[in-house]
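Given next, in structure tokens, is a single chain: the form predicted alone.
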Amino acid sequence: MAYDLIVSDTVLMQLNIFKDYAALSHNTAEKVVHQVQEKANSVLCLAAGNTPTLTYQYIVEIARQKQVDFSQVQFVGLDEWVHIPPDNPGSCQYFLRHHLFTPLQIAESQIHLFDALAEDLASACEQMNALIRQQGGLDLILVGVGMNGHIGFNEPGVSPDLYAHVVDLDETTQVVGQKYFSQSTPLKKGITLGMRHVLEARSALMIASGAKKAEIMRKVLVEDISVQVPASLLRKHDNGFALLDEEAASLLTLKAKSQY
């Protein structure tokens, strides 16, 4: 179901609510696949994390069923834990390779991820910025929302004018991030695309699932836009979509617009 989000009678961003996590994930996957069908050499930035896991499973299934060609797509990583090697199952790179790149048989030449082990992380950021410029910008970015409202590792208080940068991770991120690792792992810094990249992408999909995300999504979509809740900045995107399941949307005040 598509909705208008009512805040002082003002419609903010494009919002779609789905019955459950599966429906949310399938719709999101269809949007990503449609982007590739419309533009074979799309530049995609896809987040790691629990929320998009089923989305990537559906992308693989739909791509196989419809014989969608991903051979010209360029994939850009959103973020990475600094000093975590790529073969660590908790790394963002490991996640994307396991859930998406390997099943889709994506060539190494199509994959552009942060080197979180680089001695010069600032240079790694500049290399990523340059690559995105050379590719003509991001066609589509898919992001989840952290429990503190972060996007990628753009933590509360982040400047919306930053491109790729290294950041000291918020305490909430350090604690929540432990779920990706089999043992306690120091998570002090992250390397990430900036909010400027997110806002400049031609299309932005923000997804959230589950009751535990309901309160932060209320802050993201209802309270004033603020750098203290970085995901709220996406409400400024002129082609941004908030895609939620019913549990994540349970604290929103909604007015039905049309059947999706």
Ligand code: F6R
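If you're wondering where the values come from, they're calculated on a predicted model, not measured in any experiment. Start at 1 and count along the sequence shown; that's the residue number.
From this point on, the text means the form predicted in complex with the ligand, which you will not see here.
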Tell me whether 52, 79 and 151, taken together, all sit within 4.5 Å of the ligand in the model of the complex, counting heavy atoms only. yes
Would you check, heavy atoms only and a 4.5 Å threshold, whether residue 180 touches the ligand in the model of the complex? yes
Does any part of residue 205 reach within 4.5 Å of the ligand in the model of the complex? Heavy atoms only, please. no
Against the ligand in the model of the complex, would residue 141 count as a contact residue? Criterion: heavy atoms within 4.5 Å. no
Using heavy atoms and a 4.5 Å limit, would one call residue 47 a contact residue for the ligand in the model of the complex? yes
Proximity to the ligand in the model of the complex (heavy atom, within 4.5 Å), stretch among 157-165, 181-189, 143-151, 103-111: 143-151
